[in-house]
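One chain is shown next in structure tokens, namely the form predicted alone.
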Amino acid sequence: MKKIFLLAGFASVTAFAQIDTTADEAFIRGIYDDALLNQQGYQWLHELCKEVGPRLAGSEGAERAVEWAQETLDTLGFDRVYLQPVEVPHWERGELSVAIAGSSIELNACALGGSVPTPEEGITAEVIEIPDVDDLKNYTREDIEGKVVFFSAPMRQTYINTGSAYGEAVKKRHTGAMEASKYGAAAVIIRSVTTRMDDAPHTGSMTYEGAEERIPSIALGYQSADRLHNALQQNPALKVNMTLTSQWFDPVMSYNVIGEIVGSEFPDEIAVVGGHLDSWDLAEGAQDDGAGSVQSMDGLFLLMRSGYEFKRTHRVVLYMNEEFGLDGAREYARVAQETGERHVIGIESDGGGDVPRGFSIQSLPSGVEAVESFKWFLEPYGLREYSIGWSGADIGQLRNDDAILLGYRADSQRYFDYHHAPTDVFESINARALQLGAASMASMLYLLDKYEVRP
């Protein structure tokens, strides 16, 4: 038997509580055993991917996902399962063709999320290759006007932390069309933001905020980007033919799906675990964020099956439309503030379904210290990395001085191979890795609730 000391802040008072670890070790081991033996989250993920499928906010797939989530949570014994209305955008990508004019070279591409269409007759224009958005400053309007800008820089492979590489590379996807339009560009093509050197194009949101003119924006698969680059080396004046029929529609009403268990001692203190239910429309959204959604569901359900009596009110929240504007998370946070709800704990899973690595912590220093004091319990299960910083796009909307917000962190080396791509399917997920993540989230919820941890 070992004993450790937990540092926990209670309002303005810091207290040290001695923990006898024997019972907690056994309880946590039981959670992992249950997760690995029953693989409930993995079964749910199969249903979500194969029976519901792609679920872009505003689509029929998203509606089916809401129905599936509500029906599934209704069977689990929550005190309450309910839908929270949220208005979301409705965009459809339509059809896309892009080719090098006068050649047989095929380019595998997809529209970026929110792109406007080309004119009905399409666009035929010269291509100018520019590494990245920040390099536009080296060109004049005369250099670019009327041309298709090709942002060709790849996501940097030398970063060990692929999230950092993504953060650096994603700017061209998000703001490339807006910035290039200021130079009179006819359209934008980017090299997909991915770690995998295959030819699957990766979509993702983009913005026109600040643009006087909206121009089409598409992404090429990595190998197609190489083909275009090589062709430009041979003929700097080459042209591309591009036709895109994407379309915007009026916003539609959708829902966050919420399951709630009322706490026995502190019902007015709320702990939330969640992921986003929506996905991009190119694939099944297994990694992003079907994995996080079912891990959140299973994480709380594992504790319910264990017989643990929750001190605080606990919710699983499946947010709608993280990909296209965080509408679900923002609406959840708005309603919470309007009704005076006090959120003290939050965990988000939105980094894929690979093996557990740890948590990122967004809290006051006392909350960070409290979370880090639990490392000892979770190290045997692979959770050794604890960083201070951002918790997640959805859960981060609840940030306040009273809350400890955590981002569950899975190994990221394969995540951007699949992220926003047609390859993001159920088969990319390993059952054991997924279930270890669900058990990790459940164990952290248990420790934070049992010891009444507050920042």
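Each residue number is its position in the shown sequence, starting from 1. All figures in this text were calculated on a predicted structure; none of them were measured in a lab.
One more form of this protein, predicted in complex with a further copy of the same chain, exists but is not displayed; see below.
| 381, 150, 324, 91: which sits within 4.5 Å of a further copy of the same chain in the predicted complex by any heavy atom? | Result of the distance check: 381.
| query | in the predicted complex, which of the listed residues (387, 70, 430, 400) lies with a heavy atom within 4.5 Å of a further copy of the same chain? | reply | Spelling it out, the residue with a heavy atom inside the cut-off is 430.
| task | Within 4.5 Å of a further copy of the same chain in the predicted complex, counting heavy atoms only, one of 170-178, 191-199, 330-338, 99-107 shows up; tell me which. | result | Heavy atoms within 4.5 Å of a further copy of the same chain in the predicted complex occur in 191-199.
| request: Report whether the minimum heavy atom distance between residue 414 and a further copy of the same chain in the predicted complex is within 4.5 Å. | output: Residue 414 belongs to the contact set for a further copy of the same chain.
| query | At the 4.5 Å heavy atom threshold, is residue 162 in contact with a further copy of the same chain in the predicted complex? | reply | Close contact exists here: in the predicted complex, residue 162 approaches a further copy of the same chain to within 4.5 Å, heavy atoms only.
| query | Does residue 33 make contact with a further copy of the same chain in the predicted complex, using a 4.5 Å heavy atom cut-off? | reply | Result yes; residue 33 sits at the interface with a further copy of the same chain in the predicted complex.
| task | Could you confirm whether residue 157 comes within 4.5 Å of a further copy of the same chain in the predicted complex, counting heavy atoms only? | result | Within the cut-off, so yes.
| query | Relative to a further copy of the same chain in the predicted complex, which residues of 347-362 have a heavy atom no more than 4.5 Å away? | reply | Contacting residues: 354, 355, 356, 357.
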